[in-house]
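Take a look at this single chain, the form predicted on its own, given in structure tokens.
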């Protein structure tokens, strides 16, 4: 284990640019993250303490009608966002803390640019933050204390770079979590549990939200990086230079029309089957 940890340390002097945000809209943050991955050569750590508008964020291949109660989301004016990475569907709001680690592959030569090695590296990276507060570990693709999830992860890997981003639940509103359907595909350790039995708000475990954010940023220096603060202007220049953006706001009315069309199709199929009988 010690040899593996040593192999995963960056070469001396490796710089990570730190972008701190507070209450930044998640749609804009995801678009910036994608731009930092695709349009800059630098290493980045982005951290955002909360997003002002409750939203549902789906992975690139997520099907809204299978994952979200669309009518309920529309009634509450909760937008749906399709991000550029894989992973599951999450409800986010002002009580969600977001992080993104964006790396040149050569900056961590001991970490293979594949999902599982990257995921395991981040587990080690954040152990200095969470390890003293309980049985912290990576279970499949989630950060957990014991068998309860507090952090969801997703990734994007390109030829020379990778991105790993996380949504951390400081707290959550039960009624907002109810916007999510029970997904057909679930991690085995979930054992069919409802969202409210499966997830853990970090405020039940950690003493201070501000301290958590500071320690997440501090984990980079502990891991051997040189940290340099960056500003939003740096990120916006990358956004202007990026020509490929997979993150987008979904059209709710179009989604609702699709649900209506599927229902009419099912009724038609049932009527046809009844006539045949």
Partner chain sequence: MALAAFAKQAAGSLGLRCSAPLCALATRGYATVVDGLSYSKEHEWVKADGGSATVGITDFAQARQATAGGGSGSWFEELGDLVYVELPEVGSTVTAGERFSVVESVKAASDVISPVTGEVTEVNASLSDDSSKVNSDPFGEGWMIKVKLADEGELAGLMDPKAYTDFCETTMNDYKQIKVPMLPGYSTSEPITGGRPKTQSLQHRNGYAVSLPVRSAFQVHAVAGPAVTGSQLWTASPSEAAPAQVPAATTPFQPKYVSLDKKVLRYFGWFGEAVPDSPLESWRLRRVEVLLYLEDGTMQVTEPHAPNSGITQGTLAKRQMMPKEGGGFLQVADLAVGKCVRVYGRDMRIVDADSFTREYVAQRGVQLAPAEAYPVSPIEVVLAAKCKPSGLSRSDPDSPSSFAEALLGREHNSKSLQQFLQHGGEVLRFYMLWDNRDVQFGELHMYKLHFFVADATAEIMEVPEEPNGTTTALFPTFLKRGPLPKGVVGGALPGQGRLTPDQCYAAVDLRIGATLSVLGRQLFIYDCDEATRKWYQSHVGYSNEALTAIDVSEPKKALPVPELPPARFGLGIGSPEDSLQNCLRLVPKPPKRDHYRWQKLDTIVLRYEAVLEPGTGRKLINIDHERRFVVSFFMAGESLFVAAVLVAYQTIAVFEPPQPNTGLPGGKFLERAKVYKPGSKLAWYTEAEMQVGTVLDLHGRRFRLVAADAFTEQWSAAHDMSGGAPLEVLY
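Note that the structure is a prediction, hence the values are computed from the model and not measured. Positions refer to the first chain, counted from 1.
There is also a form predicted in complex with the partner chain; it is not shown, and the following applies to it.
Peer 1: Would you check whether the partner chain, in the model of the complex, lies within 4.5 angstroms of a non-hydrogen atom from each of 96, 169 and 208?
Peer 2: No.
Peer 1: With a 4.5 Å heavy atom cut-off, would you call residue 158 a contact of the partner chain in the model of the complex?
Peer 2: Although the partner chain is absent here, residue 158 would touch it in the model of the complex, with heavy atoms inside 4.5 Å.
Peer 1: Is it the case that residue 112, even though its partner is missing from this view, gets within 4.5 Å of the partner chain in the model of the complex, heavy atoms only?
Peer 2: Residue 112 belongs to the contact set for the partner chain.
Peer 1: Determine whether any heavy atom of residue 122 comes within 4.5 Å of a heavy atom of the partner chain in the model of the complex, and answer yes or no.
Peer 2: Contact with the partner chain, no.
Peer 1: Just to confirm, residue 61 within 4.5 Å of the partner chain in the model of the complex by heavy atoms?
Peer 2: Yes - in the model of the complex, heavy atoms of residue 61 and the partner chain come within 4.5 Å of each other.
Peer 1: Of the options 197, 204, 71, 140, which one has a non-hydrogen atom that comes within 4.5 Å of the partner chain in the model of the complex?
Peer 2: After the contact test, the surviving option is 140.
Peer 1: When the partner chain is placed as it is in the model of the complex, which of 72 to 80, 182 to 190, 126 to 134, 169 to 177 ends up with heavy atoms within 4.5 Å of it?
Peer 2: Comparing against the partner chain in the model of the complex, the contact stretch is 182 to 190.
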